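Each of the two blocks below gives one form of the same protein chain as structure tokens; they are labelled structure 1 and structure 2.
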Structure 1
């Protein structure tokens, strides 16, 4: 077991990265640490690994051997993939080369890279390099693997490769602490989720508790905003291309496949044919509690019907009605709200 007790870290200049953080890591646990940038989650993992000294508090790792996987792969560019994996065992643990290579090949098989054993790192994709990084860590027989944002330098396909390997290690019972921005991944792989805010552990619990029933307001806001796309149109000179790029990025991040087509079309029809631009318009796209894609649109300074208008464009209205499972209009103060649930009848994927 690893015992982190009352850990604080203050950088010169008075920046407090950690404030009295206590955490236990039990064998077989997969703990994901989530939270906004600058919340102290990377500092925590670096203090546990011993890369940074805490200002106060202790980290007791007992007899556990730790291994750490970094965001920036950290593979040796002048060594082949297999040599990267055998270097530690041969040079540090004094294991005979043949034995280290046999185990190295087993580890490369585990991360799906046996075919690349003789390749040089430069010829590998980012996802493959990160998998070499994981195999290299495993070669030192760690009891606990620490990951510091292992996929944040990777595109979606490569992230999926690395998630697959981490998931496999979780199935094999490896104890892991993973600092990540990938909430869906954290939710799937973890036995426990720790939400950090401003250097403190704000909330922790089973993934379904933290993600579905967060107790703290800060956790709720963080999870809601991470799962939402927000954009605003102030006038008819709005930037549709920027909105579309944001929608595609949101769909990619949330594994929503080709849903961007539907979201872009609803957004365009609303902006071009329905919304009166009586004031700023706020869009929010998110996955609702039933995991359905939903949109909330606020038109400020408006009290007349938007979609229900008798002047509605007929073709645009047919498109909206086809793409939306429901559209509700609600007046709240000076704003008119549209609550839309996107139809999933047309899902291709």
Structure 2
């Protein structure tokens, strides 16, 4: 349906956003484009839509009609939800208003917003506005839907609303290209995943291949870093607010719900009652091979038991043991390591 051939895009100042990118999109495919910020994902989708002119290369869309859903919703604030959805068909396609409204209501039912048909956008949540944006795109009968980070401005609950609609469209066979930072969603909904780095397509393939068996080093590093959180505390004056914010962001992007609450309690107990600060403390939070939430803590310049110490505070130890499914201590050279698996019982979702 779409053939992108040797596409390059250079902005003023010599910024090369795309470098010789080629991509094919076939009917019924759901392609997720992932990669670090600034790698060219959004520029690619904007060039396909025609919002950006490539410096070189071509985009052949044939007879395909394209629809695009943006990051910031772009709903018309002075129009009702239904009028937002029917404006294009009436003004551009010259469809009678009654016919456009009938189809518009069907589309609002599809995205779960039929009861909001007469509401004004300022009364809607971000997730609802984005679903209006999707319905508005669908009202123009596109053959291909393009999504440019459609959930980047939403919290986790609102993201789930939008993901549900996109997943339903995938089940119905809609051809879609989705630029996203949501790796787990990309893995679940996609037929193909494209990983970009520095303006180039570094690797592409089926979701299980890209996420479980990546062939390129850059892909492996990106996937691993998205699934882990690193933090270092050099003293008891460490930045608690940043650490907790990083933990919550890690849980959001890995769809771990409110497990950040458990992680914050564990780290607070460790830093307040157990870790002796004999040197820098390194935290690594990650999903292990069993998809369990785990932590690895290294206490430098420490050669004595930490949690297993006979002097450990009994109440703090009971709290910590209740939060953790397992705690193992290992001595490696001058460092003491704690290997922790978080207890699922304390999942707050």
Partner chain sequence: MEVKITEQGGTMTAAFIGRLDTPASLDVTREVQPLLDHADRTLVLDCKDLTYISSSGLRIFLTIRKAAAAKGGKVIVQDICDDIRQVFMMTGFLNLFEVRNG
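Positions refer to the first chain, counted from 1. Treat the numbers as computed from the prediction; the structure is a model and nothing was measured. For the two forms, the rigid core is made up of the largest set of C-alpha atoms that agree within 1.5 Å on superposition.
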Seminar exercise, completed: The form predicted alone? Structure 2
For this session: Could you name the item of 26, 303, 252, 226 at the hinge, where fit switches from one rigid part to the other between structures 1 and 2?
Result: 226
Exercise. Can you give the angle in degrees by which the smaller rigid part turns relative to the larger between structures 1 and 2?
Worked result: 17
For this session: Please state the CA displacement of residue 320 between structures 1 and 2 in angstrom, with both forms fitted on the core.
Result: 5.5
